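Alright, two takes on the same chain below, each alone as C-alpha cells: structure 1 and structure 2.
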Structure 1
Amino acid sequence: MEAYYKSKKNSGRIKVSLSYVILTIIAVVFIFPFIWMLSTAFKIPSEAYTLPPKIIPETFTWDNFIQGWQYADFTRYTWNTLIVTGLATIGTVLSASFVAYGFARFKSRYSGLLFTLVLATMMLPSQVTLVPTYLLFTKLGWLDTLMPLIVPSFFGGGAFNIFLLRQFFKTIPKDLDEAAYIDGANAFQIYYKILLPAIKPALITVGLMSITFHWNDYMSPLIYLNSDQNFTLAIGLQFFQNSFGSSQIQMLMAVSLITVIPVLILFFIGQRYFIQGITMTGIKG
C-alpha cells in the first residue's frame, strides 16, 4: 500500500514537472515577440538587419525612440488618443452603470423585452450599422473630428457592459436601497451614493476594458479621421509604417513599444480586475 502511494506521488510529481516544462515553453512563445520588439527598438540600424539576429543589442541606442517620435507628430497622436480613451471610458462607465441600475432595480411591463433587446444587439455585427452611422456623423459635420469616437459611449456604454454591471447590481441586497428610501433618499442618490461604491470592482473592470479597447481601436479612427492633426496612435503608427516602416524597423519597433507600454502598465496594475471581468463573461455565457 505504501509503495502504491509512493509511486502515485512520484507520478504526480513527474506530471507537474512536465506541465511546468510545457507551460514554460508556451509562455516563452507568447512573450517572445515582445522581447524581440524590445531588442529591435534599442538596436542601431545596421544591427537590426543582421543574421543571425541578436537578442541583446551590441550597441544600445535610445536614438530610435527620440527620432521615431519626431518623424511624425506622435505627441499629438498620443494626446488625441488620451482624449478619446479618457472621455469614452468616462462615458462608458457612467452610462453603462446608470442604465444597468435601471434594469436591475426597476420593474416595468417592458423591462424583459428591452433587456432581451440589449442582449440581441451583442449579436449584431457592427458592419451592418457601419455605413449609415458614418453617413449620420457626416451629416452632423463630425467627420475628421474625435466626436464619433467619443460620443456613442455616452449612450449606454455598450450592451456587454450593461449586462455585466446589471449582474453585479443584482448581487447587492435590495434592503439596502429600501433603508435608504425610508431615510428620504431618492433613486438617483441611491444609485450614486450607495450602489456605485458597492460595485466599485465591477466599475474598475468595465473601465479597464474600455481603456484597452479604445486605446487599441483601429477601425473607427480609420474610418472617421483624415487629417494628420486628428490621428490617434493606431492610425499614426500605420501612417508611420507606410512612410518609413520596413526600412526603419528599429524606429518602428521603438515607437510601437512606447504605445504598448501604457497598456502593459495598466494591465499589471489592474490584473485582478481584468481577469475578473473576463471570467464573468464565461460563466454567464
Structure 2
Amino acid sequence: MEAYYKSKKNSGRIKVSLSYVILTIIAVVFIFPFIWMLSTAFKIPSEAYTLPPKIIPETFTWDNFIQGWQYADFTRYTWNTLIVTGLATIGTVLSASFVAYGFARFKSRYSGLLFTLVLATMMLPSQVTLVPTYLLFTKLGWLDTLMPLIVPSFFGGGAFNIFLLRQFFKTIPKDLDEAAYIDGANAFQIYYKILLPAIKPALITVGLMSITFHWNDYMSPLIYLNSDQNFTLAIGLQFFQNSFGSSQIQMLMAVSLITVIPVLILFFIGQRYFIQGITMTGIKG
C-alpha cells in the first residue's frame, strides 16, 4: 500500500514538472519576439543583422531611439493616438456601463431577445460591416479625420464589454436599488452614485482593454486616415517601415519599444483589477 502511494506521489510530481517544462517552453516562444525587439533597439547597425542573432549587444547605443524618433513625426502620431485612445476609452466605459445597467436592472418582454442580439454581434466578422461603415463615414465627411476612431465608442461600447459589465451589475443585490428608491433616488442616481462605484474593478478592466485595443489598433486608422498629420502610432510605424524597409531595423525596433512601454506600464499598474474583474465575471452571473 505504501509503495502504491509513493508511486502515485512520484507520478504527480512528474506531471507537475512536465507541465512546468511545457509552460516554460511556450512562454519562451511567446516572449522571444519582444526580447529580440528589446535587444535590437540597443544595437548598432552592424550588430542588428548578425546571424545567429545575439541577445545581448556587444555595444549598447541610445542613438536608435533619438534618430528613429526624428525620422518621422512620431510626436504628432503619439498625440493623435493619445486623443483617440483617451476619448474612445471614455466613450466605451460610459456607454457600455449604461447599456449594461439597462440590461441588468430593467426587464421587459424583449430584453432577453435584445441582449441575445447584442451578443450575436460578436459573431460578426468586422469585414462584414466594413463597407457600409465606410460609406456612412464618407457621407458624414469624416474620412481622414479622427472621428471614425472615436465616435463609435460612444454608441454601446462593444458587445463583450456590455456582457462583462452586465454580469457585474447582476452580482449586486437589488435591495440596494430598492433602498435608494425609498430614499428618493431616481434610476440615473442609482446607476451613477451606487452601482458604478461598486463595479470599479470591472470598469477598470473594460478601460484597460479599451486602451490596449485603441492604442494598438491598426486596421481602422489604415482605412480612414490618409494624411500624415492624422496618423496614429500604428500607422506611423508602418509608414516608417515602408520608407526605410529593413535597412533601419534597429531604429524601427527602438521606436516600437517606446510605443509599447505606456501600455505595458498601464497593464502592470491595473493588473490586480484586471484579473479580479475577469475572475469575478467568470464565477458569478
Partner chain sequence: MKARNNRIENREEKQFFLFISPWLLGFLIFTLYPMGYSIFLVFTDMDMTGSGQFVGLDNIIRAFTQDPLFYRSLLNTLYFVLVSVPASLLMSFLIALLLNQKIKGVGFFRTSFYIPYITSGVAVTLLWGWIFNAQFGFINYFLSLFGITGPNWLSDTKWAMPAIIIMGVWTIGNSIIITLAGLQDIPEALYESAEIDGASSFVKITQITLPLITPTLYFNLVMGIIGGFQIFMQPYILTEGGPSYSTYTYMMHIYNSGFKYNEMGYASTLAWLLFVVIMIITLIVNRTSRHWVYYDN
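For clarity, a rigid core is taken as the largest C-alpha set superposing within 1.5 Å between two forms. Remember, predicted model here, so these are calculated numbers, not experimental data. Just so we're on the same page, residue numbers count up from 1 along structure 1's sequence.
Note that the form predicted alone is the one shown as structure 2, not structure 1.
Core-superposed comparison between structures 1 and 2: CA of M219 displaced by less than 2 Å. In this core superposition, S17 moves its Cα by 4.2 Å between structures 1 and 2. After superposition on the rigid core, the Cα atom of V29 is displaced by 2.5 Å between structures 1 and 2.
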